[in-house]
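Starting off, we have a lone chain in the form predicted alone, written out as structure tokens.
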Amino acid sequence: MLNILCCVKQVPDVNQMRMDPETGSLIRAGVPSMLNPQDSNALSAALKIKETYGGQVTVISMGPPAAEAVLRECLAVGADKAVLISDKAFGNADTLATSYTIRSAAETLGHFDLIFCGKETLDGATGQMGAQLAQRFDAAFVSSALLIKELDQDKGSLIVDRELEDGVETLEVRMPVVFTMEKTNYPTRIPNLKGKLAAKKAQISLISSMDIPELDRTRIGDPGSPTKVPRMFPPVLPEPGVILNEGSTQANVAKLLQIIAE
């Protein structure tokens, strides 16, 4: 049976976030959280594999206790198990520390044949997690996966279309493999009432730093994060443009020359 892992993240709705002009910090209070949109496409791909070839899908997320909400969303559309990695010791982690923590926690759950994640997150948008997870799991890596066309469990291999800037590349890869997914063939799934009710009652496993054997605490959270963000700045917006409509081309040119001269 295929053992499938899907990594998801709870992110703030960036369209509603504001920045404190004095401290340069993002104001998260009162901002609603949501399942990272591209992670929902990765989950859709994982579920499609399960429906076609069988298997079990485990969703995993690192975050505060409130992140249970997005895990229940994943259970509602068909994921089998949900795991939350949550501990203050994991706080202020960059992608390097996060990928180490996710791999360390996943090892307590068993071996995974396929690992899915979104291309990037709304809040960080680094696009680094997929490649780092592949390195951590010692797995093949297919970025921008467009379509998983065939899976041969006997050979332990897959045929995958991968999107490039100038076309599509078809690859054969051996499991284990990490994918970052394009949304084209794997749209976000909408839960039905039965799924929502089941997800409300489902048990979500909690993994803390104390639950991971031989965890290197120098590689998690703030101590394990070489990337530091001391301050953020809002983008400097350009001055609004001017539309010239003086009634004729000659008048527009005259007005333009006047503006340039001034």
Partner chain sequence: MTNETISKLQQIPGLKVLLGEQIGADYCHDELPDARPYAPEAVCEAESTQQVSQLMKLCSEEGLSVTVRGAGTGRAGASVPVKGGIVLSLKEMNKIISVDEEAMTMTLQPGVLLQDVKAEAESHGLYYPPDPGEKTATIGGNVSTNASGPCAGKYGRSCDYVLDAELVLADGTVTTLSAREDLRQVLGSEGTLAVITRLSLKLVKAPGADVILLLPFADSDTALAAAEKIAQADFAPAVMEYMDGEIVEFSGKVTGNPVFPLEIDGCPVAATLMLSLEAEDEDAVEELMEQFAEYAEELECLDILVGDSISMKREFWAAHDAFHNSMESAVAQVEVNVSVPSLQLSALINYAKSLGEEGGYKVMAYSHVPCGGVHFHGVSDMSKDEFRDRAAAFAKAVRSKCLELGGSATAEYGVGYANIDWFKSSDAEGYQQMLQAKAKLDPRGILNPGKVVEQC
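Bear in mind that the values here come from a model prediction, so they are computed numbers and not experimental data. Positions refer to the first chain, counted from 1. If you superpose the two forms and keep the largest set of C-alpha atoms that fall within 1.5 Å, you have the rigid core.
One more form of this protein, predicted together with the partner chain, exists but is not displayed; see below.
**Q** Based on heavy atom distances of 4.5 Å or less, which listed stretch (185 to 193, 132 to 140, 160 to 168, 113 to 121) is in contact with the partner chain in the predicted bound form?
**A** That would be 185 to 193.
**Q** Would Ile204 count as touching the partner chain in the predicted bound form under a 4.5 Å heavy atom rule?
**A** The answer is no: Ile204 has no heavy atom within 4.5 Å of the partner chain.
**Q** Does the 4.5 Å heavy atom contact test between Ile49 and the partner chain in the predicted bound form come out positive?
**A** So Ile49 does not count as contacting the partner chain.
**Q** Check whether Lys200 has any heavy atom within 4.5 Å of a heavy atom of the partner chain in the predicted bound form, and answer yes or no.
**A** Yes, Lys200 lies within 4.5 Å of the partner chain in the predicted bound form.
**Q** Would Ser33 show up as a contact with the partner chain in the predicted bound form if we use heavy atoms at 4.5 Å?
**A** Ser33: yes, in contact with the partner chain in the predicted bound form.
**Q** Output the sequence-ordered list of residues from 225 to 246 with at least one heavy atom within 4.5 Å of the partner chain in the predicted bound form.
**A** Only a single residue, Glu246, comes within 4.5 Å of the partner.
**Q** Spell out whether the Cα of Val253 moves at least 2 Å between this form and the one not shown when the two forms are superposed on their rigid core.
**A** Yes.
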